[in-house]
Each structure stands twice: as C-alpha cells, then as structure tokens.
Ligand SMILES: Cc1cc2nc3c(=O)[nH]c(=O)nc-3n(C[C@H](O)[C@H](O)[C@H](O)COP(=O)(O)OP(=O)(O)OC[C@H]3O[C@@H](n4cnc5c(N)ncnc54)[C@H](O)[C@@H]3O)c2cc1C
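So this first bit is one chain, no partners, the form predicted alone, shown in structure tokens.
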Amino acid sequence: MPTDGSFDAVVVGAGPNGLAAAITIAAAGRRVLVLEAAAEVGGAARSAELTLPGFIHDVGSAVHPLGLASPFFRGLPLERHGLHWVHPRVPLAHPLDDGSAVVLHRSLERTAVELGRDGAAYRWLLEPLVHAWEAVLDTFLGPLRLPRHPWIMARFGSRALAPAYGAARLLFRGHRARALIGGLAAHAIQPLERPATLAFALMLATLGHAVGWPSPRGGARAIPEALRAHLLDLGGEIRTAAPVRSLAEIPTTGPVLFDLAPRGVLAIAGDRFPDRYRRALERYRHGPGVYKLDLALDAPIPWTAAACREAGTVHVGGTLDEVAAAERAVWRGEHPARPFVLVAQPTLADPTRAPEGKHVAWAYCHVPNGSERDMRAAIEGQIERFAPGFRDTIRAAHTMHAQQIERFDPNFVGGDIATGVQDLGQLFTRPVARRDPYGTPDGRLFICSAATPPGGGVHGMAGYFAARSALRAMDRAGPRRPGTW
C-alpha cells in the first residue's frame, strides 16, 4: 500500500459511520481514502445468502428506523444510488399468552385507543415527542452540546431518565402497555431497572409513530452501498480487503479517523496516546452479546395473533416482568431459559428477499458477553410459544453465537452489538469523557465509531460529527499541500 501521504484524510473502517465521515470530508473538498479490512463495505449492515440460494438475510442489522430518520442520511441523495425503504403494515407487535398482541401502529392515536384505559397515559408520554420528532433527533443524536431546542431536551429528559421497569408500572395499569414499553426498553441491552432505560423505549416509539420501522429493499447492504456510491461521486476512494495494523501503513500525514471500537484503535495507535488516555480506552466497558438465528422459511411464521402476521418486527418475551427477568439474568452472566427475542420478518414487505412464496426470518436474543452457548432451541421455543407450528416452517437455519458475532465485526467485542454499554456513565462520555469525544490527545487521530456519541444504530451521526471535528482541526492548521497536516 502506498504511503506517500497523498490523501488529506484517511478513514479506517467502512461501516456506516466510517462512510459518513468520509462523505463529510469529501463534501468539504478534501481528498479522502477509506480503508476496510473486510472484502466489502458495510460493517454490520451487510446482507448475504446465509442459508440457501435466493434467501437474502441481513447478517447484522435488519430494521432501520434511525436509518430513515437520520438527519445526516436525509441530506444525501441515497435514493439515487438505489436505497429505497419498504414499510410493513405494522411496525411492531408484541404477542401475549392470551393469543392477542399489543401493537405499535404508525398512528399514535390508534395505538393509544387499542391500549384502552392506558391510552391517555401513552398519549401523555409520546405525543409531545412525536409532534417534535425532528427536534428530538437533533437534540439527542450527537454529543452533549448547548441545545438548540431546550424545551425538547427538558421534556424528553424529564421522562427519559427514568428506569423503564418502574416507569411502566407507575404510568400504566394494564399488562399490555407495560409489555410494549418493556420490549422497547430491552433494546437498551441493560436491566430495565437501570436509570434512563426508558429513553430507549421513548426514542423507538417516537420513531415508530413518526417515520415507521422500515427496512431497505433488498437488505441492509443497500445502505452502505448507497453511501459508497455517493462517496465515489464526491471523489472519495475506498480500498477493501485492506487491513490496517499500524499508522505507518496509512497514506496520509493528515487526520486519521477510526471507525473502530477502542480496542481496535489501541491496537493500531495505542503508542501515540499518553498513559492516562490509553488507560481510559482500556477501561471502556462492553455489555452483553447476542446470539443470532437466521431462518429460511417455507411459509410465514404462523403467529396466533393476527397483528404479528403483519408486523415487520415482533418482540417475543411475554409480560414486562418476564422481559425484565430475562434482561437481568443476562447481566448476571446467565443464559435465560426464556430469553427476550427480537424477530424481524423482512419478506412481509419485501418479497425480493426470498424465492416466490418463501420467507426469511431474523432473530436474536441477548447473552452474556463472549458467550458460545447455542441458544437456537431457546429462541425457537419462545417463538413457538406464540406461533404454534413455527418449527414446521423452517427449511434451513444459520446461527452465530456471540464470539462469532465478534469475528463477523470486530467492533462488536464479545458480541456487543452496541459497541459498548449505553448507560448514563458511558452514553455521552463514550469512549472517554472529553469536551470533544471524537478527538484524541494526538491532534490528528479521531474516533468515529459507535463507541462515540450518539452510540449504536445505523445513522451515520457519529461519523458526521467526528468528521466535522477533523475538518475544524484541518482548518486550524491553515493552508497545506494535499496530504499534509
């Protein structure tokens, strides 16, 4: 690999955040190179025929409300490059043992009506956020900074800081609304008794009502492919199958942005950091992992509840208490017999993902970090509980335990798909508490991965903010020859 320093900046890692960083730099008129160790771009946003020919599975992420809503993505001509969103009839359903399901509809009003006596409390909780959803995202999809919408920060924050478990029991009298909030909050991958877990439920519910929970037509890979095409249009360059082991291999004397977890940054550039910062990166906390199951199906999943048969995403876990118990167990290092399972059914809205009349399903559950336990039977048992006869529809399966998840994407240390715990102690201060969380003590090295604010999710915002930080540093350096700092 040439090391002539001919690029103004180099991004290491071609996940959505890395590509977003490169696009931001290229749009500013700088020459940028992206180096990706894998054979294709995308990070966790990739799709492949994991089971049988013609069955397209999302290897990592699957359903992308933040992808559609992202302030950064919305400003790019990604449709021109083949990114088209498809919406299921129902964004989310949560089945219960009585054969019914609680449903998050696009319509907040319809959702509230179906919650019966808890409808008024649900409106109180969500309506102000849904009406101002763009301001909510602008406020919270980024680093801590002076808010442009202080009333939104106050209104969201007053609700979001609560533990989801206690808030659901306090606000709602019925088990249906409580279960809905519990399933949404479980995306935090934390015990639901922890502070600020309600924030995850509020954000996901707000997005569901405001923009839906869509998927890209053809699979998650459509997102990075569109980003790649736009970057090339801007004059950027991408090299795949190009692992980076040291800074000496990077062809720039300008900024280097790492779309990597702290461990990956340390492996390449740890000797460039002072001891205090290096130790802080070494202390960065990773949370539980996931076990993932991809299925090729001869027929749709035969859910007992009709709403689940129309839902792009199904939260499988029963009552609030059951979901909370499963998430607590994982944090104790246990593998729950009845895990909380997230199920995606992409072919309900996108039949291009499977042969005619066939379907794919995507499912995962949380497990202790680094687990190698086979959870397929537990996941299938939970789905069968609410969809008798489900196992009879399975034609082929592909599984990944937490360690295999890390091998697929090294940013997911121990299978941690959030690239680090997203609690109050490490959400806006990730990876290290600094005024600029994307910069490092070495003025030309930056971090742009989900290990920086706003954290996990396919939205590109961490890459955008890190690139803005790098561009400011480049501007402060004054006039320069191409590729010099």
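Nothing here was measured: the structure is a model prediction, and the numbers come from that model. The first residue of the shown sequence is 1; numbering continues from there.
The form predicted together with this ligand exists for this protein as well; it is not shown, and the discussion that follows is about that form.
Peer 1: Is this ligand in the predicted complex near all of L260, I405 and F412, within 4.5 Å of a heavy atom of each?
Peer 2: Per the other structure, all of L260, I405 and F412 touch this ligand.
Peer 1: Counting only non-hydrogen atoms, choose the one of 48-56, 24-32, 455-463, 437-445 that falls within 4.5 Å of this ligand in the predicted complex.
Peer 2: One stretch meets the cut-off, namely 455-463.
Peer 1: To verify the annotation, which of these, P274, P388, P355, P243, has a non-hydrogen atom within 4.5 Å of this ligand in the predicted complex?
Peer 2: Filtering the options by heavy-atom distance leaves P243.
Peer 1: Though only this chain appears here, would A14 touch this ligand in the predicted complex if you measure heavy atom gaps against 4.5 Å?
Peer 2: Yes.
Peer 1: How about L427 - does it come within 4.5 Å of this ligand in the predicted complex, if we only consider non-hydrogen atoms?
Peer 2: Heavy-atom contact with this ligand at 4.5 Å: absent for L427.
Peer 1: Quick one: is W362 in contact with this ligand in the predicted complex, heavy atoms, 4.5 Å cut-off?
Peer 2: Because a heavy atom of W362 falls inside 4.5 Å of this ligand in the predicted complex, the answer is yes.
Peer 1: Can you tell me whether L78 touches this ligand? I mean in the predicted complex, with a 4.5 angstroms heavy atom cut-off.
Peer 2: Residue-level check for L78: no, no contact with this ligand.
Peer 1: If we check this ligand in the predicted complex, which of the residues in 59-75 reach within 4.5 angstroms of it by a non-hydrogen atom?
Peer 2: If the 4.5 Å heavy-atom criterion is applied to this ligand in the predicted complex, 59-75 yields V59, G60, S61, A62, V63, H64.
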